[in-house]
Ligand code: NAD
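One chain comes next, on its own, written as structure tokens: the form predicted on its own.
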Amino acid sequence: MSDRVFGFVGLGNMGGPMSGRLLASGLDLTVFDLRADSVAAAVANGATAAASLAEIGDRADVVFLSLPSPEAVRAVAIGPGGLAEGGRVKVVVDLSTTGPRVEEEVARALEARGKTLVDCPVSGGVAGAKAGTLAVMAAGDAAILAELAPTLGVLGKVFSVGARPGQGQTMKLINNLMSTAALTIASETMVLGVKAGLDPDLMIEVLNAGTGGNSATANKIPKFVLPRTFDFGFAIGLSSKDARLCVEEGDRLGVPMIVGNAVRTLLNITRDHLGPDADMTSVIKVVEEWAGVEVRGRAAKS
């Protein structure tokens, strides 16, 4: 697909570094974002700016989306003036966490306009987006996935998880709920340990050497909580949205989500207490406030 023009809509925390990697790989990339500074940064790296969604739909063959909500994906892909009206675009690749129901709706609407949706959410955070080490969960037409594989490989490891849009979203929601479950239980137990007089740095060392280790104890707690920086780079509002979508899918399919609902509750409390833009690792602050202690590691004291 090297002779094709690619487009990218959404140059935020994840979209910015992902589009940067695509540019660095040599792709001809046309970009659009409502934030002028984000567009300017991409142009400085070699991108071409589009003035509107209609323009990007008329200039690019394949358009990537990295957007914060299902509503944004729906509006950009199939809303008035959206990509569905573009004269050139044939494939829309949704890298967002949109949820299976909206993804299926968008796929049907694009198909009616002679275009194809590739359901392709990613996981690995901002660090993974910058390093090109994301887990890329692709679902859709096998021939198109095969054609896109080298390009998607620039972003990380590509997994073909299904033949229809929506299946990639389900895989992503499962991943995110498991990740936030690890973070929330690690937050509660770290606060418990500190209140009991245990050293938080030593707790992390023991947990990671034992059976309690998980993604939170290996990464989020030691790197972003113990130093008290809370800058993992993913907003609590997005975390709570992802948990809601996963629990709703469980309800729709008749799968009890008892633990998932508990995780969602703590994420929602944190969002409402600290604001939707607070870092997801700030979930521990709510537990700390209730318990009257602070989980502060050596890195924060130095």
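For every residue, the number given is its place in the sequence shown, counted from 1. Small disclaimer: the values here were computed from a predicted structure and weren't measured.
One more form of this protein should be noted, the form predicted together with the named molecule, which is absent from this view; the next part is about it.
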Exactly one residue in 194, 185, 154, 126 has a non-hydrogen atom within 4.5 Å of the named molecule in the model of the complex; which is it?
126
Close approach of residue 270 to the named molecule in the model of the complex, 4.5 Å, heavy atom
no
Taking 4.5 angstroms as the cut-off for heavy atoms, does residue 67 touch the named molecule in the model of the complex?
yes
Does the named molecule get within 4.5 angstroms of any non-hydrogen atom of residue 35 in the model of the complex?
yes
Using the partner position in the model of the complex, report whether residue 249 sits within 4.5 Å of the named molecule, counting heavy atoms only.
no
Using a 4.5 Å heavy atom cut-off, indicate which stretch of 22-30, 237-245, 256-264, 56-64 touches the named molecule in the model of the complex.
237-245
Checked 13-27 against the named molecule in the model of the complex; residues with a heavy atom within 4.5 Å, sequence order, are 13, 14, 15
